[in-house]
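Next comes just one chain, in structure tokens: the form predicted on its own.
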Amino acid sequence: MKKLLASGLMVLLLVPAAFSQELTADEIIQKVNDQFNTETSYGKSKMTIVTTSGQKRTFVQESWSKDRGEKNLVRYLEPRRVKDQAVLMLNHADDIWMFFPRTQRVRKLASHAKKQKMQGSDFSYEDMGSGDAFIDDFTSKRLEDEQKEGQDCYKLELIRKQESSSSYSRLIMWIIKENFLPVVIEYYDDNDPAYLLKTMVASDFRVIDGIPTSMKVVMFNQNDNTQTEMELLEVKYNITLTDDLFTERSLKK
């Protein structure tokens, strides 16, 4: 850079700062996808739902993930009424089973269940277990870089592919340049790309086992005037998990 001629420097100054970096939208979203989808992971988290009336409901759960998000298992620890209830999501949440400890029964949910809310929260099964959805279900476009939540960010628009079954027509995503973690994601209505359904805001970024991690995520539902906070209490990456864990039989254990 020190050897640039004055004319060359002037050309650089005329280029919008937002696109001074060479990464394409596809390269950025691939890096985001790689951060989200580790080979295996374990987490313990607390989920707090704030209803329209302002009441709070809290759940504590454990979760396991394998094959870069293709297999997911969630088991509830608290409150007592849902203790040992479990959810198995395979094929990026296209196939979902639930275990109910009171009846000792496993029930397979209908194919459209991935769009439903988990425990009445503002996170759907699709939000929690869709793996490579950012790449498989959407076409990405780079917008002008912005600061968001005090972070220097890439800004992307993800538009749903015609063949995709995603619940969202498009996403707007602000991605921290330093670690390629989304700090804000806006989710837009299935049928109306101009109608904002909900907004996810991440915070408390730490490096766990060498992997940048958002320890707290809040989903604000503009449509229902509710919100759900997900706080990681414990997390481990690239641990040994067998395929036996992600079966209907294991749900009853």
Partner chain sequence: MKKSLQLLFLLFLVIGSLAAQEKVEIFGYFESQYMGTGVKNDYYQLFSNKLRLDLKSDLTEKITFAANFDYITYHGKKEWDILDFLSPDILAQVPPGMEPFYVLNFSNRTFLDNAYFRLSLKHFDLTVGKQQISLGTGYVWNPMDVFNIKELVDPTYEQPGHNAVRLDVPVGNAYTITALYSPDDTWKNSAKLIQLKGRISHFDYSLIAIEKVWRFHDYTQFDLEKMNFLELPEQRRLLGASTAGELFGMGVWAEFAYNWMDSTDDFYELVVGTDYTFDFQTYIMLEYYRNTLGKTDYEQYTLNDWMRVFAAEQKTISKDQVYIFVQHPVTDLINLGVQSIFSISDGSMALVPVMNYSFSENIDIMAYLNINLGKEGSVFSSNMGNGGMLRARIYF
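Numbering follows the first chain given and starts at 1. None of these values were measured; they are calculated from a predicted model.
From this point on, the text means the form predicted together with its partner chain, which you will not see here.
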**Request:** Considering only heavy atoms, tell me if T226 and its partner chain come within 4.5 Å of each other in the predicted complex.
**Result:** yes
**Request:** Mark R57 yes when one of its heavy atoms lies within 4.5 Å of a heavy atom of its partner chain in the predicted complex, and no otherwise.
**Result:** yes
**T51, heavy atom within 4.5 angstroms of its partner chain in the predicted complex** = yes
**Asked** Q147: heavy atom within 4.5 Å of its partner chain in the predicted complex?
**Response** no
**Request:** Heavy atom within 4.5 Å of its partner chain in the predicted complex: which of V87, L90, C153, L171 fits that? Just give me the one.
**Result:** L90
**Which of 30-38, 207-215, 180-188, 57-65 lines the interface with its partner chain in the predicted complex (heavy atom within 4.5 Å)** = 57-65
**Non-hydrogen atom within 4.5 Å of its partner chain in the predicted complex for each of K44, K236 and N238** = no
**Complete:** Across 84-103, the residues having a non-hydrogen atom within 4.5 Å of its partner chain in the predicted complex turn out to be D84, L90, N91, D94, D95, W97, R102, T103
